[in-house]
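We've got the same protein chain twice here, in two forms, each standing alone as structure tokens: structure 1 and structure 2.
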Structure 1
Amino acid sequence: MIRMTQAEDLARLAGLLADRTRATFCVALLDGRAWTANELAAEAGVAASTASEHLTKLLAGGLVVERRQGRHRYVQLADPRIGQLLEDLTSHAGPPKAIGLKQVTRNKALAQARTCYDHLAGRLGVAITDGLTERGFLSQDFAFTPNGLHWLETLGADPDRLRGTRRPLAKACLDWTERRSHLGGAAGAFLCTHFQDQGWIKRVGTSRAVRVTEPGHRALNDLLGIA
């Protein structure tokens, strides 16, 4: 009976993601932000009424949550575990096929640097992970060393507080463009937020691609020796 229930739950989840419109919504929400139904409708190229129907199914399935502010309705992924699940599935699907110059440019930007729900991915995310490892801040099995914990504190993090969440402090997240792991978990989320707050990275348009600013290049070099 337990196996049957698990199988039914898996089939239900697969059914939710099997629809192209709902999958498009989930990929868009991987940027970690809250989107309006109209924004998601435009992203998927569907009518607002169609978007509403699909969002109702995603809400019922527990993949997204709804937030209301005044008359506006926003949705975002339910929690980091959903983001991790979607990123893992994306890594198995491989990079998107490029059709036209616009898509080629967008794919290059995503491969260079992007957010993976709430942490950094792409070549930037992998470079940061390599820098942490090379400086002895992060072990090969993705555990912060005492020096690494001190390094986080110098950036304003409270390692005890980060470890007090439901998430692991550090977690290997397979990068679907680099085919290597980048840093996820609570520490990965902290670094992404810190980099944004310091103005070291900026979003590229409305996608989840980001670019490193000039101050960001200097900071990466000073902190982790990343040229």
Structure 2
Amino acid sequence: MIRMTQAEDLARLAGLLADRTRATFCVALLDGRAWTANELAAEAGVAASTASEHLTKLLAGGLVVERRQGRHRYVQLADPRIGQLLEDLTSHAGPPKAIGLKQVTRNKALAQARTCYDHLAGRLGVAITDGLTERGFLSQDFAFTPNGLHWLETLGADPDRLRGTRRPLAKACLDWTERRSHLGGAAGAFLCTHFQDQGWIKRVGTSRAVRVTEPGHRALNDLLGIA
């Protein structure tokens, strides 16, 4: 019976998500960030030891990948396709009633513009990345050009200080609503906080979605040609 194993595989995969704590981990990881084990433990409200065991299972199941770095264990979703699958599942998982407009528009808002850890993702994130590339500020391999560094300075950034940390100045971060890379790294984080400080974008409620304000639309158009 070959089909038996198919059912078993399905059960095993589903079993990984069938636990409150592991599901909480996965939902958290949907933001695309790499989380540490302790952060996830706190998010789900369980002991570190418990979280460690769950992460080992998720890893063995291939849902997440890890990156050991010093005494930290960073974990993130293994593959954009896993993120897609999780989002499909959660969209079916909602309460049977009220499948309606709210969820859809909420998802649309997230796809439109959201934060990914500390920088901008979604359609807005890739639009910014495209704008930077078109203007010759960012090279194809996600490195800032001299012109790009100057542009950052005009916004009030100090490239040397941004580069002082371990963190790379610019980094490609994969986005699965767009299936393309957007700008992460120290520069991505700077732009996100700067845009917020200027009142160009506003967080929607407590979610990860953000909204571009009226002045924001004008500024982004002037700066990067984003309509």
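In this text, rigid core is short for the largest set of C-alphas that superpose within 1.5 Å between two forms. On a predicted model such as this, the values are computed, not experimentally measured, just so you know. Please note that residue numbering is based on structure 1, beginning with 1 at the start of its sequence.
For this session: Give me a 1 or a 2 for the form predicted in complex with the DNA.
Result: Number 2 is right.
For this session: Please say whether, between the two structures, the C-alpha of residue 19 moves by 2 Å or more once the core is aligned.
Result: Yes, its C-alpha moves 2 Å or more.
Problem set entry | Flag for residue 40, CA shift 2 Å or larger between the two structures after aligning core | It does shift by 2 Å or more.
Exercise. On a core-based superposition, does residue 63 travel 2 Å or more at its Cα between the two structures?
Worked result: After core superposition, the C-alpha of residue 63 moves 2 Å or more between the two structures.
For this session: Taking the rigid core as fixed, quantify in angstrom how much the C-alpha of residue 31 shifts between the two structures.
Result: Shift of residue 31 at C-alpha, rigid core superposed: 7.6 Å.
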